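As a starting point, one isolated chain is supplied in structure tokens, in the form predicted alone.
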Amino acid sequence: MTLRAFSLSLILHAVMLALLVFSFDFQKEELVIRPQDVMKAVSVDSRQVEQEINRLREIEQKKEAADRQRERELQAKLKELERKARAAEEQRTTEEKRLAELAEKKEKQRKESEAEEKRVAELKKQKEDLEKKKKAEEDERKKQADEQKAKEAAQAKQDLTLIDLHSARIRAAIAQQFNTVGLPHGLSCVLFIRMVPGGEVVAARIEQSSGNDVFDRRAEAAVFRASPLPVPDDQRVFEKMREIRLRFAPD
């Protein structure tokens, strides 16, 4: 019901009430209704009605103001809830992003760790393979060196045997050219002899005297007369005895 309709209803009720009052008094005595009385009653009731209307209008205005205040409060609460919801969503999104970045970083670190472990394992294997290879090479070199030493030792022994044989032949060749006439028995000296390939003597001297000058001079002369001396055909062995020192004793 609107305020205007309510006001009209109050006016009508006031008029009806006045008529009933007048009707009741008319039964007791002859009722004389004067227009000014009606107008006075209506005037009085109109003021009351207006006051009531103003009161009701004030109530309605207060109610509307309270409703608007509640609406504003509700709007503010709604906005605050929306703000909090947005903040919560932003926080959730940020947290999800952070967790995703953390997971990505962790995965990257895991892959890097695996790669590093693999690289270290490969380096370790390469080092082990290299050490094995070096050991094998060292063992092979040692084996070859030992074999070479054994070969050289055998060759040296063989060469020494050959040199001793040719040294004995050289002594025999010199002895054949040595003149023993007039010399005492039991004399010996140490001869130094230098030869060229083929056994040709290029130098000869006494390194340790026999104590007898004649014996020493005859020994030097015998060396040159025996030239070329019997030497090995193997050039390598000859180089070992190109210069020799041998004890000469003709007896």
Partner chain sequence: MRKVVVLVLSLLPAVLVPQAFAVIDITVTEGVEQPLPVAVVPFGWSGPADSQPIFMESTIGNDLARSGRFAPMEAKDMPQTPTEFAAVNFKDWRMLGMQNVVIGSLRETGPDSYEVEFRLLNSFNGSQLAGFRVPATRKQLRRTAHRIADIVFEKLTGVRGAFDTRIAYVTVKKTGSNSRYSLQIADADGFNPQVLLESDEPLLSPAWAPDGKRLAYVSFEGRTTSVYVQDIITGQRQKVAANPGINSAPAFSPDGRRLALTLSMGGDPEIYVLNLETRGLYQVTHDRSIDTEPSWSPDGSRIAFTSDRGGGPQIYEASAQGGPAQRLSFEGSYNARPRYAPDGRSIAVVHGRDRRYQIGVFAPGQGGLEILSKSRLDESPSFAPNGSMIIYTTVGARGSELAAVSTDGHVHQRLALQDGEVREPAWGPFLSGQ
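These figures come from a predicted structure and were not determined experimentally. Residue numbers count along the first chain shown, from 1.
Not pictured, yet referred to below: the form predicted together with its partner chain.
- Here the chain stands alone, but in the predicted bound form its contact with its partner chain, taken as any heavy atom within 4.5 Å, falls in 170-178 among 122-130, 170-178, 90-98, 109-117.
- Between the options 47, 70, 217, 63, the residue in contact with its partner chain in the predicted bound form by a heavy atom within 4.5 angstroms is 217.
- Mapping the unseen interface onto this chain, residue 194 falls outside it, with no heavy atom inside 4.5 Å of its partner chain in the predicted bound form.
- Looking at residue 182, you'd find a heavy atom of it within 4.5 angstroms of its partner chain in the predicted bound form.
- The closest non-hydrogen atom of residue 241 lies within 4.5 Å of its partner chain in the predicted bound form.
- Taking the partner from elsewhere, residue 221 is found to have a heavy atom lying within 4.5 Å of its partner chain in the predicted bound form.
- Contacts between stretch 229-251 and its partner chain, counted in the predicted bound form as any heavy atom lying within 4.5 Å, involve 239, 240, 241, 243, 244, 245, 246, 247, 248, 249, 250, 251, listed in sequence order.
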